[in-house]
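Given as C-alpha cells, the chain that follows is alone and in the form predicted on its own.
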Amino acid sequence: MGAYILRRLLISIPVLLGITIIGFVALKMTPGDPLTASLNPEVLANLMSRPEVLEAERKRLGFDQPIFPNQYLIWLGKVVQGDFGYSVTSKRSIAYEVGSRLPQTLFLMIIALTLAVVIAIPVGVISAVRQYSKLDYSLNGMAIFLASTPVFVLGLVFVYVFAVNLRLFPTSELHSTNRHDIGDAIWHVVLPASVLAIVNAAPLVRYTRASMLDVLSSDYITTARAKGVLPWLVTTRHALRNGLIPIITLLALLIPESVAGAVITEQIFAWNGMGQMVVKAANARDPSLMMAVILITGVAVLLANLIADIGYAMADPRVRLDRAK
C-alpha cells in the first residue's frame, strides 16, 4: 500500500506541473493589466501620465520577462520555497489571503459532502430496493429535479424561505456579532451547506440507485436470497459493499464540483471563503492569487483521485494494489 501511494504521488507531480503551466500561461495571456485593474479612475489617470512608474513596477515584479519559461520558473522556484508571492490588489501575502479563507471553505465543504453522502446513499439504496414503486418514482423524480436546478436558484430559494420568511437561519458570515463558538458557526453554515449538499446529493442518488440495481440482479445476490438470508443482510452486507465502487469514483469527482459550487454559494450567502476570493481575484486580474487557487484546486483533485483508488481496494476485496507494477 505504501509503495502504491508513493508511486501515485510521484505520477501526480508532472500532472500538477502541467496544470500550473496551463493555468499560468492562460492567466498571463488574459487581457487586462493586474497593476491597474483595481485602481480608482483618479489614481489610474495619475499613473498613466507617469508610465515610467508602471514600467518600473512591472520590471520589479518580472512582468517584462517572457511568460514561459522565465516568469513561470521564477514563480515555481518561489512556490517550492514556500513563497507564494503577494496580492497586487490587497498588498498582503498570498499565504495570509489563503490562510484566512481556506478553513471556512473546508468547513463548509466537509459538512456539505458529509450531508450529501448521509442523505444520498440511503435514499439511492431505498429507491433501488423498491424499484418501480411509488416511492421509487417520487425519490427518483425529486433527484432529477434537484440535479437540474442551478445552484444559485436553489440558494436564493433557501434564503427567501428559511431566512426571509421563516427567519430560522442567518444568511451571511461564519459568526454572529460578538460570538465565535462552534454552535454559532454551525447555525450559520446550515443554509449554505444544505444547498451544496442537495446539489451534490441529487446525482449521487441516481448513481447509487443504478449501481445497486446492477448488483441486486447479480447471481450471487440471487443465491444469497435462495439460501434464506434476511433481505436487509442481502442489501447491506452483500449488495451495498460491491455497489460502492462506482460511488467512490463519483465522490472523488464531487470534490472539484463542490469547489465550483462553493464559488456561487459563497457569493449568495456572503461566506468569506475561497469562493469569494476567487471572484475577487478574477475581477482584479490578480495573477498570484489566481495561481494559488489553481494550485490548491489541482492538489485537491489529485488527492481525491488517490483516495478513490485506495477506496477501491477497501470496498472490494477483488481489487488489489499490484506491487509488481
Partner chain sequence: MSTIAQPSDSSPPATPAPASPTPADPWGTTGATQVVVEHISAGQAAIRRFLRHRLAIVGVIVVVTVVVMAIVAPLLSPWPPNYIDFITGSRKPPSDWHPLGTDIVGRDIWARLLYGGRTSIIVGLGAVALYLAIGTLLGLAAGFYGGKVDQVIMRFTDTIMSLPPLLLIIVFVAAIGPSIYSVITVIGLLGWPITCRLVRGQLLVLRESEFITAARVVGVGDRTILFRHMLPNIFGPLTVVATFGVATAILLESSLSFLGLGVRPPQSSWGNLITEAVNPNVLNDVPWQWMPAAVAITLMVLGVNFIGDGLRDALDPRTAKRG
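Numbering follows the first chain given and starts at 1. These figures come from a predicted structure and were not determined experimentally.
What comes next is about the form predicted together with the partner chain, which is not displayed.
J.: Using heavy atoms only and a 4.5 Å cut-off, determine which of 214, 184, 83, 173 is in contact with the partner chain in the model of the complex.
T.: It is 214.
J.: Of the residues 188, 101, 209, 238, which one places a heavy atom within 4.5 Å of the partner chain in the model of the complex?
T.: Of 188, 101, 209, 238, the residue with a heavy atom within 4.5 Å of the partner chain in the model of the complex is 209.
J.: Is there any non-hydrogen atom of residue 156 lying within 4.5 Å of the partner chain in the model of the complex?
T.: Heavy-atom contact with the partner chain at 4.5 Å: present for residue 156.
J.: Residue 233 near the partner chain in the model of the complex, any heavy atom under 4.5 Å?
T.: Heavy-atom contact with the partner chain at 4.5 Å: absent for residue 233.
J.: Please run the contact check for residue 245 against the partner chain in the model of the complex: heavy atoms, 4.5 angstroms, yes or no?
T.: Result no; residue 245 lies far from the partner chain in the model of the complex.
J.: Answer for residue 164 alone: is it within 4.5 Å of the partner chain in the model of the complex, judged on heavy atom distances?
T.: Yes, contact at 4.5 Å.
J.: Please determine, with the chain shown alone, which of 121 to 129, 85 to 93, 140 to 148, 194 to 202 has non-hydrogen atoms within 4.5 Å of the partner chain in the model of the complex.
T.: Of the options, only 140 to 148 has residues within 4.5 Å of the partner.
J.: Listed by sequence position, which residues of 74 to 105 have a non-hydrogen atom within 4.5 angstroms of the partner chain in the model of the complex?
T.: Heavy-atom contacts within 4.5 Å come from no residue here.
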